[in-house]
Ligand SMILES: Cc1cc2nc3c(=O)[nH]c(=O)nc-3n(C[C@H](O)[C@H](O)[C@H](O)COP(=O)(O)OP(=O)(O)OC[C@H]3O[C@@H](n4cnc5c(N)ncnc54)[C@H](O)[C@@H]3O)c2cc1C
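Quick heads-up: it's one chain on its own, the form predicted alone, in structure tokens.
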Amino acid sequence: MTMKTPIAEEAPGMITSGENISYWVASVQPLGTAPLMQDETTDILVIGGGIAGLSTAYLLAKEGKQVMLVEDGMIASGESGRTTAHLTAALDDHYQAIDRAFGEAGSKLAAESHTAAISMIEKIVNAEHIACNFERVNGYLFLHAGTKKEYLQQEYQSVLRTGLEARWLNDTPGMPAAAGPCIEYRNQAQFHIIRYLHELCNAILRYGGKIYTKTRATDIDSSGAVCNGYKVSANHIVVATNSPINNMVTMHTKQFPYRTYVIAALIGKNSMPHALWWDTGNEDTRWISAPYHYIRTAPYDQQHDLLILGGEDHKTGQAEDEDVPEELRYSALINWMRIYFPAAGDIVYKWSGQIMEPIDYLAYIGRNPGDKNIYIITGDSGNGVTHGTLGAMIISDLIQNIPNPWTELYDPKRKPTKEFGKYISEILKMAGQYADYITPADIKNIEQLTAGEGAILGKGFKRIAVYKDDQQQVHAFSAVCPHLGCVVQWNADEKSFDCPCHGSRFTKEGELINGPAIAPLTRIDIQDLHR
């Protein structure tokens, strides 16, 4: 398996939130601005430089609003740079599940809103003349090997009731006959997300907005936030950080972090139709959402396109619960690809990303519970690009006091009444992670650690995150996540320490790369490990 060499990073987590580099990040130069170096006052402060934050800032700046955006890394250094950029109203939790949770009227609104998000992206691409390979394509939902045809037929009926443009096909285009029947979704789309986001930045600046990268926001309240130690006063604060960093508990009991894996293989130029594919998912799983495979193509060079294939999801920090560590998830993807796409060639990229799975399938978008002027966009549920875009549409309307038909559907205050049993089950599983204080640690002494690897070291009831670099120097930190005290786990694939409770992630040097934590792991003197 040949791999592209990762691009150099300014600092861990500054360009992307993991050791592996996605095709999108590797194919363009990183984009940054000057960091914030003084106190500021603005009407609207947007925190987060991914699809949700940049789209929000763009829509408001274009309307002449005073907008300032801060991002703690470079632009799209979080999860937006690690997506596969499917633009679809074919939601990954399926409409028959959304019917149960929100009724048929809710499903129609969900389909309408995601369709509108795709149209909004297309509108922006055309208005701002963005060269990002935006293309309308069809999508195909086909059967997972273990799923009965009746399930797909039920989903088709649910889809038809939403009003989406769809039809039943007896064979799946672009797939071998073994894939069987599918639902065809017309007029979905795909694009190069980083090129799109970079041009959104340029447009925001043209419309008078301000952008500060390498600027971390903390101490968020109704008056604004502290950014790089400077006070930013604002009338409206939008937290678009994948997982909210302003909300310590409430939202983190309603959604759960998952890791998903992606490979990109060479295929002949135009040898496959430009389309999106998804299987129905593996129902024989311990996770709340059936892990599924998702596929698309993308332009690459004059001789090749890329086949981009993802899946093999698991809860963040809990890969070992299935006895399949993170780094082996790619092998499972390759094996699946060889069955369904035997003509695919060398693997040239691999990466993983983090998604937030809400207990009732749809994102949380709107006013943060208990706040009047703080807004959140979170709970992407595997449809982060469209959820982030429609989140921007909802939030910009809320700030401008414009009625929006989707506000109630995505309201963060909603309670998962139709999924209460699943909600309690997940809360108990989350609470079970605190048992890591008394269960055996990965290693008992640092001599067991090999160069380039990390682990959790046990010292009585203490848990210590340790990493040995290539120069044999050991870096040690408290393994207690500064968010709510879970014990982090070593991710050997992305070389990070990941929290299995709420998804905070830290570099091998202990630096914060993903919230909801807002501080790094506490450093420990290596000499203390020998006492």
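Source: prediction; values computed, not measured. The numbering used is simple: start at 1 and walk along the sequence shown.
Not on display, but discussed next: the form predicted in complex with the ligand.
Taking any heavy atom pair closer than or equal to 4.5 Å as contact, tell me whether Asp360 reaches the ligand in the model of the complex.
Contact check for Asp360: no, nothing within 4.5 Å of the ligand in the model of the complex.
Answer yes if any heavy atom of Gly224 is within 4.5 Å of a heavy atom of the ligand in the model of the complex; otherwise answer no.
Judged by the heavy-atom cut-off of 4.5 Å, Gly224 is well away from the ligand in the model of the complex.
Taking heavy atoms and a 4.5 Å cut-off, does Ala52 contact the ligand in the model of the complex?
Contact with the ligand, yes.
Looking in the model of the complex, any heavy atom of Thr260 within 4.5 Å of the ligand?
Residue-level check for Thr260: yes, a contact with the ligand.
The ligand in the model of the complex: contacting segment from 450-458, 200-208, 318-326, 375-383, heavy atom within 4.5 Å
Single hit among the candidates: 375-383.
Considering Gly281, Gly353, Gly139, Pro412, which brings a non-hydrogen atom within 4.5 Å of the ligand in the model of the complex?
Only one listed residue qualifies here, and that residue is Gly353.
Of Ala61, Val466, Ile44, Val70, which one comes within 4.5 Å of the ligand in the model of the complex, counting heavy atoms only?
Looking at the other structure, the residue within range turns out to be Val70.
Give a yes or no on whether every one of His144, Glu155 and Arg338 sits within 4.5 angstroms of the ligand in the model of the complex by heavy atom.
So, no: the whole triplet misses the ligand.
Contacts with the ligand in the model of the complex, stretch 222-241 (heavy atom within 4.5 Å)
Going through 222-241 in order - heavy atoms within 4.5 Å of the ligand in the model of the complex - the hits are Ala240, Thr241.
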